[in-house]
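Below you will find one chain, with nothing else, as structure tokens; this is the form predicted alone, and questions on how it binds or moves follow later.
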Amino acid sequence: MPPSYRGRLAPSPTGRLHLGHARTFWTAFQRARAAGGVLVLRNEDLDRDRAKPEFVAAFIEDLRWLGLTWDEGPDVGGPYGPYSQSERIESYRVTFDQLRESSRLYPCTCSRKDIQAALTAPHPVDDEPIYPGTCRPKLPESATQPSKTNRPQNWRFQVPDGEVIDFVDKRLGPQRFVAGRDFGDFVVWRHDDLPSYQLACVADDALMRISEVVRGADLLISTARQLLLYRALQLASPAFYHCPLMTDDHGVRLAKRHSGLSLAALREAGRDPAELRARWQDDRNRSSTLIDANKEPQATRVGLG
């Protein structure tokens, strides 16, 4: 009987992995191994402008240096491949067509500039603004076909305004979001004929039989969006475990521009990956009471000693 736990690592090859990525991926690895399950490595390379083959080789090298192993992936194969998103476009089209049949999608010609101009309230810097509904149809069934226009068109998922989306995160406990207030109609298929992150993630996690998603706390609101997609597709959703974010000495969340905190830079500086793993384990042990009380900070600062 195959293991019931299936976790995943899902890096994007748009730069070198940093410490924040490393700690989240290490957590995913630890949880998969503790459950006696399978760990999948997925190459999320849908960004045509920034994804580079050399960064795929780099994140594989970085993760192996850190001490991680996986059971399925672009380098080792497996029963649910291909494991690079750029090779899975047809499966995303199938998922997109299923969503269109549910009458929850509509075409949208609004540019980012149009949306910003229509906003009347500020929005979080780290998340997309709530779509003002400019192209939302009066009747859902009237929006199953593309608009007759030469302007680029995205396809948006129409959220059920006012509906509460709640779930229990395995680290943070109960979470609650309100559709239309915390997030609005979101893009599922882009004007460049590619799926959005939300659609690709749901399609891949479902088709790869992922049972638990481990990722950063900045994606909590994405989880709420994706739960709506799982429901529209009549799919069971995985469990979720959202890790705290890591910040630099100034409290700024780590990004790939923090080259000095990349795994490549740390390796070149002679850092021992076992030291990093031990430090993260100590952090988990010290914060266990806070986790149980659902009070753990959403971000922790880098401390390399």
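Start at 1 and count along the sequence shown; that's the residue number. Given the structure is predicted, the values throughout are model-derived calculations rather than measurements.
From this point on, the text means the form predicted together with a small molecule, which you will not see here.
Candidate site formed by H18, L266 and W280: none of these residues places a non-hydrogen atom within 4.5 angstroms of the small molecule in the predicted complex. With the partner omitted here, the stretch from 211-219, 157-165, 91-99, 108-116 that lies within 4.5 Å of the small molecule by heavy atoms in the predicted complex is 211-219. Though the small molecule is absent from this view, in the predicted complex it lies within 4.5 Å of a heavy atom of just one residue from L229, V188, C201, A224, which is C201. Not displayed here, the small molecule is kept clear of E61 by more than 4.5 Å at the level of heavy atoms in the predicted complex.
None of the heavy atoms of D47 is located within 4.5 Å of the small molecule in the predicted complex. Although the partner is absent here, A22 sits far enough away that none of its heavy atoms falls within 4.5 Å of the small molecule in the predicted complex. For the chain shown alone, F177 is not a contact residue for the small molecule in the predicted complex, no non-hydrogen atom being within 4.5 angstroms.
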